[in-house]
Structure formats: structure tokens, C-alpha cells
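Only one chain is shown below, in C-alpha cells, and it's the form predicted on its own.
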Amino acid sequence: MECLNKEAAIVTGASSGIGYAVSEKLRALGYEVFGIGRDFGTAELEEEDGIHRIVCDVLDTEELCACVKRIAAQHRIRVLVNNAGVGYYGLHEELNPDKIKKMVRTNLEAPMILTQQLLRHLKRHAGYVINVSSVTAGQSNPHGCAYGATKAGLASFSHSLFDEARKYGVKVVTIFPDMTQTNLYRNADFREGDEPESYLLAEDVAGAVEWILGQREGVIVSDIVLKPQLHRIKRKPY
């Protein structure tokens, strides 16, 4: 990778869904985008002008840190989007330690580590940390206790980080999407409703990212909640 004049963005969970839509939106806005994903074998995100596919598991801390250091050494990082997430649902007693650890590490640990690794660069360029949380962060979540807790932790981290870094020009924004048509619910016994008004699209979240970046310097909307017009959940057949 050679040094570029364009501002750069790093997006996790970029192979599909929200991460893919955000990566494409940032490319359209003129950013050099580095999309991190564990596997791009069947990915929507294609390597193209302005898009770089970075194969890396966010749970491999050593490789993740080495990866972002290489990018930051040659590019002006202005935007970090912590989007990678995993969810397991059901009664808490029916989860297992591996699933709980994977949610905590993917949804909370990885964003904190990535942000720590890049914060000096973001301060230098008055950059953005955009954390994709969930509406579950602010409510009780039976059948999703651990998942909701990780998203609440991410929101708490965002709020504290903004107060810590705001004097350096860093903008920290949390997006709280409701039910979105992605593969996040592949491990759940439910899915979004059938009506288009009952779920968000990944492009809706990408639109929120565009709106965040379009605000004038000095104004921050720290929390954005996105909800579909209708509340509908369908149970999957066994």
C-alpha cells in the first residue's frame, strides 16, 4: 500500500450487511476504505478502487493490532467504524462459555482495542469513532441477556470516550439500530417481519453514517436510534 492523500476509513465486519453498506457509502464519499472481515469467500464487498479487503479475525488481537498499525502508518485515518458483531439468543442457561466469550470479545473487546490502537491518529486528524451498538443496549433483554449486555457496554464506552477525547477534536457517535435485515439473527429462533416497514436495511445505517459525517465542525449528535415504523418479529419454524 502506498501513501495516499485521501482520508481513510476502517470498517470492521465489512464483508456483508451493515459493514458492507457502510464501506460502500464511505467509498462514495471519497474515503479510502479498509474493510476488515474474517472471511471474504462469499462476501458482498469487492476489492475495487477505493476499497481494500483486509482479511483479519477481530478476535486475533495480535494480528488485528499489527494490521491497523500497517494501515495507519501509511494513511490518514479519519474514520473508525466498529461494526463487527455476533449474537446468540435464548435462555441464558442454554448458552455456553464459548458463545458468551465470543460475544464479549467481538462486540466489546475488539472495538475498545481498535479504538485504543487508533486514537492518537484520530486525535491528529480530528476523526470519528462510530460504534454500531443496538437498541437492546437501553432495555431489558430476556432471551438475549449477554448480547444486550455487550451492546450496553459498548454504548457506555462510547459515552465515556467522547467526554475523554472531545477536547482533542475526536467525535464519538453511537448508532443504535433496531431489527435490521442482516444475517445477525442467523443464530436466533426469530427473524424480522415480512413487511418492509418492520425492519431496517443495512443502507439505512450507512445513511446515518453519512449524516454523522455531514454535520458541521463543532456539532455532535452523540446517539442515533434507528427504528422501523412497525414492530414485528417472526418466529422461525423448528
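For clarity, every value in this text was computed on a predicted model and none was experimentally measured. Numbering starts at 1 and follows the sequence shown.
As for the form predicted in complex with a small molecule, it is not shown, yet the points below apply to it.
With the small molecule left out of view, the stretch that reaches within 4.5 Å of it through heavy atoms in the predicted bound form is, among 66-74, 24-32, 174-182, 207-215, 174-182. The partner is absent here, but in the predicted bound form a heavy atom of 57, alone among 57, 197, 203, 48, sits within 4.5 Å of the small molecule. Contact annotation for residue 81: none of its heavy atoms lies within 4.5 Å of the small molecule in the predicted bound form.
Contact annotation: residue 161 falls outside 4.5 Å of the small molecule in the predicted bound form, judged by heavy atom distances.
Under a 4.5 angstroms non-hydrogen atom cutoff, the small molecule in the predicted bound form lacks residue 127 among its neighbouring residues.
Although the partner is absent here, residue 148 sits far enough away that none of its heavy atoms falls within 4.5 Å of the small molecule in the predicted bound form.
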